[in-house]
Ligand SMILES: NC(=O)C1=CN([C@@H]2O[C@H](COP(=O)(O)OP(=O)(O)OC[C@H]3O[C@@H](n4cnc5c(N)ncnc54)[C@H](O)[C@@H]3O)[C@@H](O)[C@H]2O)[C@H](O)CC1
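Here's a solo chain for you in structure tokens, the form predicted on its own.
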Amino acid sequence: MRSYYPCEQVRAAEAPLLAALPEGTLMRRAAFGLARVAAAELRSRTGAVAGRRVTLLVGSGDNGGDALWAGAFLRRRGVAVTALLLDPQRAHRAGLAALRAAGGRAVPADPDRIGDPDLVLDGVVGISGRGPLRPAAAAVVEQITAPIVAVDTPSGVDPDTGAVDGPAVTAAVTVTFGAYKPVHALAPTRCGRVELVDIGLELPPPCMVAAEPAEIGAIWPVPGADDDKYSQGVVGIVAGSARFPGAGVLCAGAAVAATSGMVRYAGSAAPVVLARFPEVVAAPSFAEAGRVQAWVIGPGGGTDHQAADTLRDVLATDLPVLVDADGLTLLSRQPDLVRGRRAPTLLTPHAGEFARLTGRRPEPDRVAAVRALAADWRVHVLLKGRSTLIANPDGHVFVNEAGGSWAATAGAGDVLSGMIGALMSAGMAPDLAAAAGARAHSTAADLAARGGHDLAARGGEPGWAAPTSASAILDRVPAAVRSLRGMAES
């Protein structure tokens, strides 16, 4: 698992080290790691380190000191280093002295002094900074065309929420010290690739984690020698309607593709579902569906009185239930249907559905918002997005950074619900099933966009990609599961 820590916890973990070590030791330790990553970036982009040019954007805090010390280390490797000081009177003294002693230049920051660097280090503000870049810094950043390596977090991006409300840095690489911060998962397009430098912090158990693909592959249900179609999990799907039959096809088909032992479908779209997936066991209504281990309800089901009655009946069972799409709209009118449930309930809203449930959008602090809903309603919540968040009622959060937005297409959420429902029917806890389903879903979307080419098999090179569809994502679910399983076994 990759763990993420809010800045307050990171500062608390730094405090005993700062007290125990000689002054400046922790900063030089971080800066050495920063310089190492910057040198590797220079080599990969230009083929060399010595003789290349690096510009430092230096603020008045410790991140400016990190950048200055890193500049001194780069000078020792033959890099030409120029520091642009945004506040020369408050620049970190020891770092500035080290840079000058190594032969680096330091000048007041000005857009005209950026020059033509091969790389820029962003040391404007660190994890204590909030809000957008100030005008002087924004004017300099606006003129930069070289790739930027952010020091700890990209300046102007909130380190705890990933929110951006004005000018901010967009980094190619972010080098973070001691621990990953929430911004690294919540603002991936601002952070770029994230490199962690270990500086010896002792950290508490995390409240926000991301499961690695191999970990998801390792827990994906696989039938054993004594399993049959019932023991592998039977999932019930209440989705689709005469108006939206495709939702039933996508949701039930995804449950089939995610290796559910059996899929029982209940609803008016049964003929269309069976035409595509004859292995599904169909019934015209929930009352006639038969026994299952978990239910998925909502996608394309409508919001009329009949749909509301069916939702009430499903939630009255003592089984795990996933509620999505139209089911969430119905819940926004009758939240007590889930607030008092004893069996596990998973809600899977996008931002607009979240607003209907709570009366407010989840931004800017999506983590706090999803935790609050899960705690208030005593449910599990999956908040969709490129960085999908899954919170349980006790406040623990899984995050799945998809690595792209190929799943942002109509019907993709129906596929996700079916996949997660299949995992829940196999006995997986709702938050873990949601995390596993989200990772496999994003992998399937990526495979669909890239014509089925497995990134892991191609060394992680993204290659070409094209817009995709929910049907294409559904078709790639088995390949995505195989890919994750392969990572676990290799």
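Residue indices: 1-based, along the sequence shown. Worth saying up front: this structure is predicted, and the values here are computed from it rather than measured.
Below: the form predicted together with the named molecule, not depicted.
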{"query": "Output flag, G61, G126 and G129 jointly within 4.5 Å of the named molecule in the predicted bound form, heavy atom basis", "finding": "yes"}
{"query": "Contact stretch among 151-159, 289-297, 311-319, 415-423 - heavy atom within 4.5 Å of the named molecule in the predicted bound form", "finding": "151-159"}
{"query": "4.5 Å heavy atom contact, A139 to the named molecule in the predicted bound form", "finding": "no"}
{"query": "Heavy atom of A407 within 4.5 Å of the named molecule in the predicted bound form", "finding": "no"}
{"query": "4.5 Å heavy atom contact, A146 and the named molecule in the predicted bound form", "finding": "no"}
{"query": "The named molecule contact in the predicted bound form: A449, any heavy atom under 4.5 Å", "finding": "no"}
{"query": "Contact residue in the predicted bound form, from A35, M428, M27, L42 (heavy atom within 4.5 Å of the named molecule)", "finding": "M27"}
{"query": "The named molecule in the predicted bound form - contacting residues of 1-29, heavy atom within 4.5 Å", "finding": "R11, E14, L18, L26, M27"}
